[in-house]
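What follows is one chain in structure tokens, specifically the form predicted alone.
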């Protein structure tokens, strides 16, 4: 039986983490007498074509392949999924399976949210980022030229099926990008998670399987708890966006090419910690512990040096902002952050200059 649940009353759903059941058996048992469609991308079809065909054969599922890459997380790709569902005459009892990373999960989830005014869907994440973050919580979206994830809906999956074995084919770059969403939890998941990341960072960087499985389990439980308390980000769910206001501005700066989301989050976390220290939100007693973890934040190579003024302007497209004012998630104690307003432009631009010209 699943050991992790996102508690949302009648919409509560399980998260299967490395349990013994086969995926087609779980689906057939959970959704008897239903039709299925599976959405994945071209790269995963190359890697797992035989497995995908096996699943589709056993479930009699319609298959739709989207291109691989954040730049394809757009309305045309979403429309292509809907065209396939309509052409194959699926109905509102259909179940959509998202097999892939964050882009596949977000765009397939948005297709499920909008097809026939909403159908059931299931997340099968294949990247570290998707396993610990985007597959859980029901945020679905596509990007817009003016910003990331600006067109979307909250639509919870019916279940999440995590197999850490898929990480064996994940390129190093994507692994370390996904690690950003694990590392993020050091700032929002409580003192125990802060200590876990600070202590086990080396093992996680080396992909130690035991440390990695524990990190995924801890991260999923943190997100499940926060989503259960605040499904639609009216309060503390915004804490899950630690570092993301900076990260989304960085991604937008490069037009979503040449940089992975998690790589941008690494840089965003460095910015958030710098700004918190600069604004004296971190008490003197905690500075030493934050200095220890600051040294562990990765700073992946960027396509080109960003201009701090451009990044500052791009930050105003973030969805957490209210009435045109920036709302930032900044650390205050080890494992604890808060949603902060009123940080002045001078401090933010000083942080951007310090982080990106260091």
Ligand SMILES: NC(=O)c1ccc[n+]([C@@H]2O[C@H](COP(=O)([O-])OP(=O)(O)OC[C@H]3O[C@@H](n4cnc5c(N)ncnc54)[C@H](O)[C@@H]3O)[C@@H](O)[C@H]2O)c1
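Residue numbers count along the first chain shown, from 1. The structure displayed is predicted, hence computed values, not measured ones. Whichever C-alpha set is largest while still superposing within 1.5 Å between the two forms counts as the rigid core.
This protein has a second form, the form predicted in complex with the named molecule, left out of what is shown; the following refers to that one.
- Classify residue 209 as contacting or not contacting the named molecule in the model of the complex by the rule of any non-hydrogen atom within 4.5 angstroms, answering yes or no. Flag for residue 209 set to no.
- Is residue 267 close to the named molecule in the model of the complex, meaning a heavy atom pair under 4.5 Å apart or at it? Result no; residue 267 lies far from the named molecule in the model of the complex.
- Task: Determine whether any heavy atom of residue 149 comes within 4.5 Å of a heavy atom of the named molecule in the model of the complex, and answer yes or no.
- Result: Looking in the model of the complex, residue contacts with the named molecule include residue 149, since a heavy atom lies within 4.5 Å.
- Message: Quick check on residue 31: any heavy atom within 4.5 Å of the named molecule in the model of the complex?
- Response: Residue 31 lies outside the contact set for the named molecule.
- Message: Counting only non-hydrogen atoms and a 4.5 Å threshold, tell me whether 55, 122 and 221 all contact the named molecule in the model of the complex.
- Response: No, none of 55, 122 and 221 comes within 4.5 Å of the named molecule in the model of the complex.
- Message: Partner absent here, but in the model of the complex, which of 23-31, 329-337, 291-299, 63-71 has residues with a heavy atom within 4.5 Å of the named molecule?
- Response: Among the listed stretches, the partner-contacting one is 63-71.
- If you check 275, 103, 259, 247 against the named molecule in the model of the complex, which one has a heavy atom within 4.5 Å? Result of the distance check: 103.
- Item | Of 281, 216, 90, 170, the one that lies within 4.5 Å of the named molecule in the model of the complex (heavy atoms) | The residue from 281, 216, 90, 170 that makes the contact is 170.
- in the model of the complex, residues of 129-153 near the named molecule [heavy atom within 4.5 Å]: Heavy-atom contacts within 4.5 Å come from 129, 130, 133, 134, 139, 148, 149.
- Item | Core fit, then residue 147 C-alpha moves 2 Å or more between the shown form and the other one | Comparing forms between the shown form and the other one, the residue 147 CA shifts at least 2 Å.
- Rigid core superposition, residue 103 Cα moves 2 angstroms or more between the shown form and the other one: No, its C-alpha moves less than 2 Å.
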